[in-house]
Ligand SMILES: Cc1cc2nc3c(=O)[nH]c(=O)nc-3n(C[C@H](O)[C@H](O)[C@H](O)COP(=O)(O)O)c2cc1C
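One chain is shown next in C-alpha cells, namely the form predicted on its own.
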C-alpha cells in the first residue's frame, strides 16, 4: 500500500471519531495573508458582475490552450479572471464570501499572479489581495521561464500573458478539519481553477491548468516556505494563437 492509499484510509470520517470534537476559536488562523505596507499595491479595475458570455457557452468552449500570441492582455481582463477565481461576491457583517466555494468558508488557498505581458503592470510576481481586489508586488522580474522549468518544461507558462499560482496555507483548514484538510484544499483549488478557466473563455483568453511541477522550485519562485504555505496548482492564461 502506497502513502496515497494510506492517506485516503487514515483521513476517512467515521461517526465514532467525530464525537466530542470542538474548535479552539482563540487559535483560529487569520483568513488573509498580508505583506508589509512598503510593498507596492495596485488597485485592479472594477470587475463586471453582470452580463458576459452565457455560462453554458463558456463551458462548451473551454479547452486547455497551450499556445498563445505574443499579445498583451489588459488589466481589466486580468481583474475579471481574478475576481471570478476568488473575488468577494457577498459581504456581510461577519464574513466575506468568495466566488469559489471553500470547505467551512476557511479559504486556505492564496492566489499569486506572475505577470509576463499585461498592460499597465510591470513583469513580476504579485499577490492577490482578496479583500481589496488589488495586487501587491512581491518582486519585480521575468519569472515565466522559471515557472516553465519548474513545471517540467511546459512552455506555455513562459509564453502566457500571466500565470496564476495557488498555494495552501494549511493551518487555516487544519484548525477545523485536522488531517482531512488536505483533501479539502485540493477540492478548493479545483473550484477556483475552473472558475478562472471559464472566466478566461468569457474574456477571449485561453488557459491551461498545471498540476505537474517540482514543488520546491515553484515554492522558491513565489517565495513561500513549502511547509506552512506551499504551491498546489497553477494555470497559464493568454490570447490563443
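Positions refer to the first chain, counted from 1. Since the structure is predicted, the reported quantities are computational estimates derived from the model, not experimental observations.
Just so you know, the form predicted together with this ligand exists too; it's not on screen, but the next bit is about it.
Undergrad: Just one of 23 to 31, 208 to 216, 168 to 176, 39 to 47 has residues with a heavy atom within 4.5 Å of this ligand in the predicted bound form, so point it out.
TA: One stretch meets the cut-off, namely 208 to 216.
Undergrad: Looking at 180, 191, 69, 66 here, can you tell me which has any non-hydrogen atom within 4.5 angstroms of this ligand in the predicted bound form?
TA: If I apply the 4.5 Å criterion carefully, the residue I get is 66.
Undergrad: Could you check which residue among 156, 84, 106, 125 gets a heavy atom within 4.5 Å of this ligand in the predicted bound form?
TA: Only one listed residue qualifies here, and that residue is 156.
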